[in-house]
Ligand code: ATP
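Shown below, as C-alpha cells, is a lone chain in the form predicted on its own; questions about how it binds or moves come after it.
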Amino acid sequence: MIIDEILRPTNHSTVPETINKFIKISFKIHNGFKLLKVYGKVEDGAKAEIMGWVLSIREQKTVSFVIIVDNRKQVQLVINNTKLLKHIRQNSVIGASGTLKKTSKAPGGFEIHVNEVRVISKVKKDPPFNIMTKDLPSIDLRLDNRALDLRRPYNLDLFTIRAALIRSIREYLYSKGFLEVNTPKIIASASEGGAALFPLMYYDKQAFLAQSPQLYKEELTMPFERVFEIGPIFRAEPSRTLKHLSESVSLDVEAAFFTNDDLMNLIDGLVRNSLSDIWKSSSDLLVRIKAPKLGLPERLSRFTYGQIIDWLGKNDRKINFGDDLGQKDLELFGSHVNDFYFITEWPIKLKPFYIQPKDNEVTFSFDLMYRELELSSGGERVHDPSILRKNLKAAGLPVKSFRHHLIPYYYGMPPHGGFGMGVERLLMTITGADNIREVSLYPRDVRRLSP
C-alpha cells in the first residue's frame, strides 16, 4: 500500500457517508508485487501494502523498526520475524504488506505491522557514507554521490520547500496579471556586456550561453506588458565563494509602465507572500531543518547608495562616490540593518547600459539585500533607442551586435522596468543554508561539471 494522502471520498458509492477519512492506495505492479487501489477507514487492523526505499533499520531483541520512504513521506514498518530482515539493507527498495496500527510515536501517526516483505532492488555495494549519519562527510564527497546524498531527510525536506517556494512565486505573479514565458538560452551576443560568458559554437557561428533573459524579457513587454520567467542563467565568473554558482536558477520579471517604486512594491509583496505561503504549507519541514523564522516589517526599508556610503564613512569605512560596495562594506551595513532592505539610486557607472538614468549621476535602480547578501537587482529601463545606442557606445559595446534588440524600440516600446532574483539565494535565506551548493540539486561552479 502506498499511502499518498488523507482525503474525503467523492461520488464513491461503496463508502458510507459517515466515514470522512480514508487512505488512498495507488495501484502498481513491480516485480510481481501488487499494490491495490482501495479505500478503507484509517483504523487498527486495516490491510496495508507499500513500496519505498529503506531510510533506517533499528533492531531490538524481539522486534525491529524499519523506516521506508515513499514519495518523500516516511512510514514505519514493525517487523517481528527476523527472517524478513535477512535481505533488507539501508537504501534497498522494498515492498511490504501487513496491518495498520495508529500510534503517535510513528511518522504520520501510524505504522504497518509487516507479515510479508519483498526486496525489489538490492543494495549491491557499500555506499560511501551513511545517509543518516550526524557527522556529514565533505560536501564534495556528497556532491560526487548526489542522488544518494539527496536521500538524506534534510535534503528531502529542503527541496520540497524549494518546490513550494517556486509554486508560491508563480501563483503570486499570475495573480498580478503576469504571463510566464521561456526565452532562448543560446544567444548571439552578451545580454549585459562583460567577459562572464560561456562561449560555444552554434553550427558555424560563435554563440554564448545566456547570462540572463534580460534583452528578451524587455522586448516581450512590447506585446505582453507583464512577463516573468523562472529558468537557468549562466555566468563564467571565477568566484569560489559560498554564494556563487556558474549555473543558477533566476526569477526574471519585466513589466510595462512599472516605475522603480512599483517594482520594489512588487518584490516586497512577493517575498512577504512567499514566506507566508511556505510557512503555511511546509512549516513542519522548515522546523525539521531548523530554518530561521524571518520577520518582516510592514514595509521593507529603502536606503539610497549615497546614504549608505555616508553611513559607512561615519563608521570608518571611507567609500568614494561611484565606487562599488565591497563585501566588508555590505557586511558592516547589513549587520546594522539585520534584515531585508533595498539599496536604491546606484551610480550610472555601476549599472548596465539599459538602466534608466535619474540624473547625471544616479539611476532608477535598486538591489534587494538580506543583510550582506544580494538577492535581486533591477530598475527602470531605457526605452528610447537613441539613448540605448549612446549607452552601448559609452559602455564599449558594439552597437552592431545589438541591432536585433534595438529593432522593437523603433515601433512603440512602452516604458518598462524589471528585476532578476536568484532563487537559490532566496532559498538560502529562507532555510538558513550557508552554502549555495547545498540548495542546488546538481551545482555547477568553477571546479564542478559533474555529476
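Heads up: residue numbers just count along the shown sequence, starting at 1. Remember, it's a predicted structure, so these values are computed and weren't measured experimentally.
In what follows, reference is made to the form predicted in complex with the ligand, a form of this protein that is not presented.
243 is the sole member of 142, 113, 170, 243 with a non-hydrogen atom within 4.5 Å of the ligand in the predicted bound form. Contact with the ligand in the predicted bound form, defined as a heavy atom within 4.5 Å, holds for exactly one of 377, 189, 304, 99, namely 377. Just one listed stretch, out of 368-376, 147-155, 85-93, 102-110, contacts the ligand in the predicted bound form at the 4.5 Å heavy atom level, and that stretch is 368-376. The ligand is not shown here, and in the predicted bound form it never comes within 4.5 Å of any heavy atom of residue 385. In the predicted bound form, the ligand sits within 4.5 Å of a heavy atom belonging to residue 420. Residue contact with the ligand in the predicted bound form: residue 235 places a heavy atom within 4.5 Å of it. Within this chain, residue 425 lines the site of the ligand in the predicted bound form, having a heavy atom no more than 4.5 Å away. For the stretch 431-446, the set of residues having any non-hydrogen atom within 4.5 angstroms of the ligand in the predicted bound form comprises only 436.
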